[in-house]
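Below sits a lone chain in structure tokens, taken as the form predicted alone.
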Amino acid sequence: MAETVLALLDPAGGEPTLADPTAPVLRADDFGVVRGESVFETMRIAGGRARFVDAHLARLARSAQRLAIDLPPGWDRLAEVAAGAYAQPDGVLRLTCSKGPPGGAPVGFALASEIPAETIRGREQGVRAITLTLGVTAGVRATAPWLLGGVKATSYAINMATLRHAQAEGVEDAIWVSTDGEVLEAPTSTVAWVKDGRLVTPPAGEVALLPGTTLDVVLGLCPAPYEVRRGTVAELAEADEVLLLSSVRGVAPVTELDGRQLGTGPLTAQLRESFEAALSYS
């Protein structure tokens, strides 16, 4: 098992420092602990370097602004130090910024660790999924910013409960849908589907989904026509291919959706291969 690396951000903007990954980082009264007011980004380490860092840091800044966290400087260097100290060429890098304790400064840190086996298995073999309601209409989060649609916060209890429910139903993942019948996102992924050779994915801003950093890369690599538009559950049910996009798992085929067998389609397989290759030169 690869050794985990912990790097701490200097709130004054100095050089990040490596620390014992088992040592405490947050105070018990930190708002990230007591209220879930912290933000994070997870990215791939490939070839000993964190990949697509700029896109992740831009999203981290947007999430921090939504949670009124005064994001300190130095995140690019923090990612570089943590990834560089990680002994393996491939891994996971997670950046976290907590709001800090009452009257205190935000706390930033990076954790580099190995990619879980189930993540690699999902990428290579695909995942089985079910659709589950998120309990809101498609457009409500875009007009209700306090619902934090599109924010990558550590308040992930609903996301994890969704995955546990899916697993209890005998599958590995889930796709959230709205109460008015539109496709939204997955608990840890962006959703896309293929019909008649055309890739379709929902618009993040219009329905307040988390903007996908992996999706942006994949659309730039896509050899087929694509559309960024709202789509219905009925469309998803008739898709030729369904795929989930995330930074660490990459492009994962949905091989079964709501009991319907899909397998790994040709466009999904090509995009998966292209994305993995792009990690080598990003």
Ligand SMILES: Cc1ncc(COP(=O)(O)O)c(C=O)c1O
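From 1 onward, residues are counted along the sequence shown. Nothing here was measured: the structure is a model prediction, and the numbers come from that model.
Just so it is clear, the following notes concern the form predicted in complex with the ligand, a form of the same protein that is not shown.
A.B. asks: Using a 4.5 Å heavy atom cut-off, are Glu185, Ser189 and Thr213 all in contact with the ligand in the predicted complex?
C.D. replies: The answer is yes: all three residues contact the partner (heavy atom, 4.5 Å cut-off).
A.B. asks: Only one of these stretches, 252-260, 28-36, 235-243, 55-63, has heavy atoms within 4.5 Å of the ligand in the predicted complex; which one is it?
C.D. replies: Correct option: 55-63.
A.B. asks: Could you check which residue among Lys99, Lys152, Arg123, Arg128 gets a heavy atom within 4.5 Å of the ligand in the predicted complex?
C.D. replies: So the residue touching the ligand in the predicted complex, by this definition, is Lys152.
A.B. asks: For the stretch 136-173, I need every residue with any heavy atom inside 4.5 Å of the ligand in the predicted complex, listed N to C.
C.D. replies: The stretch touches the partner through Lys152, Tyr156, Asn159.
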